[in-house]
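The data below hold one chain only, encoded as structure tokens and taken in the form predicted alone.
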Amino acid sequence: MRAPKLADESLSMVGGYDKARAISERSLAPPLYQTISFPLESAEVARRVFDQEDPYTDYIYTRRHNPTTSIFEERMALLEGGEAGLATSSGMSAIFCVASYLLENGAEAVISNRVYTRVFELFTKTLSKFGVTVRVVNDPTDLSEWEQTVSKETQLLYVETPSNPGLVISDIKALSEIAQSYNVPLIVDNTLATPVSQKPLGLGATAVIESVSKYVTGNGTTLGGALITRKDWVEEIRKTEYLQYGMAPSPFNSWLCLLGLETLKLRMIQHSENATRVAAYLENHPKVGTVNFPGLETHPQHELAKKQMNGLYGGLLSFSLKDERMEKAFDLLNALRTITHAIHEGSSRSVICHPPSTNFADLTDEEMEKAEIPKSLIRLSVGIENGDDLLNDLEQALNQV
């Protein structure tokens, strides 16, 4: 009998660990295999699993594969609609795995400049040391700029949508068509949307990156990443870059991610509802200048976000005060009582920060200007607390600015 096609809420609970598997494991929850190595039945079995003609068909060492992590990888692949998943020690390591797999000396990558600053540095500073040329698209919403930037040497396109911290929405389907016309893969960072809001692979992307440290775990306790893409890519990367760089997550972290996935859809609904209320409040506040949130009708890519994001716009927004002095932004952050000042997003707890002076401070003034990150920008990751409490905290803090 063919297994039923399950909705995201159900896949988040049983993907990779269905009823039959739970019965065979004698455990309702996915078991935690907190071990580095796995005993082998015999010397002959050991020789076979290391045989290059039939490589690594069994669990032998957690740096390559682990049963708990395998469940998490399968669950992420099912949610994203991909062939296979690869869990990594962080979101950055997932990006580095696929980039180093695809890019050789002399290759070229085309990336959006609206990406997390460490991703921008990975491509423009680190990979360039290995002979990779990186070409930057300064306006990822301008398809003609992508067309003009891609060349016959291009080996991958990379985009983050929604982007951090400006919440720019890029057209995944249109970018996938450009990539396909050059026969190159499109890599999409889906962290801020998550698979329950946006499915890039269904829109034509070749691979998806998730920093599972954010919404997937949801509580700011677990560092991890995931790459979801073609099965042959995952198998090849697992045997090479993944093993060589040592990018496997702890089994315990994979287990925590599995627990987090169980409530992902419910949390994303609450994140989105709260963030929509907060964005609307800020947009109408006399002391606030600009607000960036794709759920607002005034957002320049709102219609695209409606079509692409399944009605859930996530919990991240950014805004600037009308008084653009950095000191005023600091005054606001310091006056908050409930919302915590922290360098993170996607947590169930609301956190706020000032990107230009913290996690984006390494960008040059020119790079920051091109990425439209003004010195006054404040980033707010709206959690799942009571919405009225969040609004009251913002109100009392804005009254002091």
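Keep in mind that what you see is a predicted model, and the values were worked out from it rather than measured. All residue numbers are counted from 1 along the displayed sequence.
The same protein also has a form predicted in complex with a small molecule, omitted here; what follows describes it.
Exercise for the section: Tell me, please, which stretch of 233 to 241, 71 to 79, 254 to 262, 157 to 165 lies within 4.5 angstroms of the small molecule in the model of the complex when heavy atoms are compared? Expected result: Answer to the contact question: 157 to 165.
Exercise for the section: Only one of 304, 103, 223, 178 comes within 4.5 Å of the small molecule in the model of the complex by heavy atoms, so just point that one out. Expected result: Filtering the options by heavy-atom distance leaves 223.
Problem - Contact residue in the model of the complex, from 293, 116, 96, 146 (heavy atom within 4.5 Å of the small molecule) - result: Checked against the cut-off, the match is 116.
Practice task
Classify residue 191 as contacting or not contacting the small molecule in the model of the complex by the rule of any non-hydrogen atom within 4.5 angstroms, answering yes or no.
Solution key: Contact check for residue 191: yes, within 4.5 Å of the small molecule in the model of the complex.
Practice task
Report yes if any heavy atom of residue 320 sits within 4.5 Å of a heavy atom of the small molecule in the model of the complex; otherwise report no.
Solution key: Heavy-atom contact with the small molecule at 4.5 Å: absent for residue 320.
Practice task
Indicate whether the small molecule has at least one heavy atom within 4.5 Å of a heavy atom of residue 91 in the model of the complex.
Solution key: Contact check for residue 91: yes, within 4.5 Å of the small molecule in the model of the complex.
Handout entry: Distance check, residue 213 to the small molecule in the model of the complex, heavy atom within 4.5 Å
Key = Result yes; residue 213 sits at the interface with the small molecule in the model of the complex.
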